[in-house]
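Structure 1 and structure 2 below are the same protein chain in two forms, each given by itself as structure tokens.
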Structure 1
Amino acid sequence: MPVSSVGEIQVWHRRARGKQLAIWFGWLCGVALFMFCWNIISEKTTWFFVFDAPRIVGDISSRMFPPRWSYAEKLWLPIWDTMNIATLGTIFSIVMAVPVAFLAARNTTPSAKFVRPVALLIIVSSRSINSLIWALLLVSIVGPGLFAGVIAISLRSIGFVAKLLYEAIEEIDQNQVEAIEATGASRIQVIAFGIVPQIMPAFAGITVFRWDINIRESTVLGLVGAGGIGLQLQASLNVLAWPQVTLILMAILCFVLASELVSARVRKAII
């Protein structure tokens, strides 16, 4: 009871004593864990460099400005490539994610015991591995270029799209599905008439959202040779051409903000 009596006075506490102690103990553990981790980081850090950071920042920024504007004309093509990687990657990922989602959703999977775990494993594996790692792998398999980037993006996106989509499938209104079943429709007709119309808005929203994320992700794929504006960034960093780096970063910023604007518009139009 949060109310206890001390003598004749009733004292109100926010929480019961045991609970309050448990909360304090939880905080203590959290802080201890943080201190422990911080200690490890600190041991591995050369603090001289960190304390020297302000000077370095000053040094780098004096080299970064002004940006080398003339370099801009060489950036149009990489930006176009970056956009294509994101768009095509999203399209391919959808083609692969839709069946996975139907296999993973409890109410549409052919077998909850065997097929569903496999589908879920595909989803979690795809989600756990960053697109940059996929790109590293693919560059060594199919060689550097846009192709590796597109596949990397689509492999990473399968898990994301399939996960959100299968959750949407599981949340549909079962009445509508029942009504279609009652007409004597076949299994695939039930999916096409009872389920697909219900998940269409979610599907469109997920697609646009993932496209937006993919734009951001594809800006760095070039660092490992998988095409896009990252290639220019890598090349400029290698020769320490800071004015070019500034311009590239500015280009990426504008590009990403623009894509965010587009996706927000489209999502609003859908919903």
Structure 2
Amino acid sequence: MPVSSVGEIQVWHRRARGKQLAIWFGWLCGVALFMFCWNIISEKTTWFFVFDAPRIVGDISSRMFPPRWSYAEKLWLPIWDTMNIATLGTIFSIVMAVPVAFLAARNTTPSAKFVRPVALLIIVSSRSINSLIWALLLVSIVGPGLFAGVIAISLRSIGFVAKLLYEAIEEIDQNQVEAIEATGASRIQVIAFGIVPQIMPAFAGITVFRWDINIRESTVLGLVGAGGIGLQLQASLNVLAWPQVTLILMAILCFVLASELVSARVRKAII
């Protein structure tokens, strides 16, 4: 902590003058950047609609209640479709993500210069594109329906699963691997008996966690035509059937809460 002397009195300072000036300059740059961004946003915002938003919210809210309970019988199949999209998408993503994870991990990749960068590129590409964008592209390619939703969820999940899994592979105990290699085991045997048993708890946790995320993401894929309960939500919004919208939102909330409870129980049982 710097000290300065004023006469015979020593004054303690929390930071040196140069460091304090640098901090103030950093704050000044941050405020200037914020004001610059706010100015751009303000120029492209119609503030009349923003100020009128509370009235619109109140008007829509008054139309949303009470929910149309008779519409509930039409939601069971879409909810079932949504769960199938999330489950099948998770399974397909695991099948594709496991090889990518082994190719991306430093201690299992065949080539750190050529193969590993390609595997990392696959992981980054998958994680960079939102599932809604994947669904929008796939609906244009394979047509609307559940298949587009399943593939969109799987493509989005590859990067998530592969990243966490290859990090788990890199953190294994190498002593166990070396012990199995010392017996003359082949590369496949080393992976099967030295690496896989160590990463299985992490793999199970990652799988359940991703399934839980996919449940939530699959509820909105219907907004772009990829099936599921989101399709019912989009149809109700298009005709301004607000009581139906309320019931659908309540169904989505209950469905997500139930999946969260199931995934929490499974993770607790595994871990």
Partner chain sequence: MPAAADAELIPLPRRWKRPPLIKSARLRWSLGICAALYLAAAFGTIEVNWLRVWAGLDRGWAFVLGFMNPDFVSHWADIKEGILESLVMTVTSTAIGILISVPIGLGAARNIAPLPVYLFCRGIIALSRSFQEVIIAILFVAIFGFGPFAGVATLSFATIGFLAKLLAEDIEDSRADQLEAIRATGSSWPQLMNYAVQPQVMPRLIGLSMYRLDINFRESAVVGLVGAGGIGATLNTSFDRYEFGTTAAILITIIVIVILAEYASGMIRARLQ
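Rigid core here is just the name for the largest C-alpha set that superposes within 1.5 Å across the two forms. All of these numbers come straight from a predicted model, not from anything done at the bench. Sequence positions of structure 1, starting at 1, serve as the residue numbers.
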(message) Structure 1 or structure 2: which matches the form predicted in complex with the partner chain?
(response) 1
(request) Verify the C-alpha shift of residue 249 between structure 1 and structure 2: is it 2 Å or more after superposing the core? (result) no
(request) Please say whether, between structure 1 and structure 2, the C-alpha of residue 65 moves by 2 Å or more once the core is aligned. (result) no
(request) Superpose the two forms on their rigid core, then report whether the C-alpha of residue 22 is displaced by 2 angstroms or more between structure 1 and structure 2. (result) yes
(request) Would you look up how far the C-alpha of residue 31 moves between structure 1 and structure 2 when the rigid core is overlaid, in angstrom? (result) 2.7
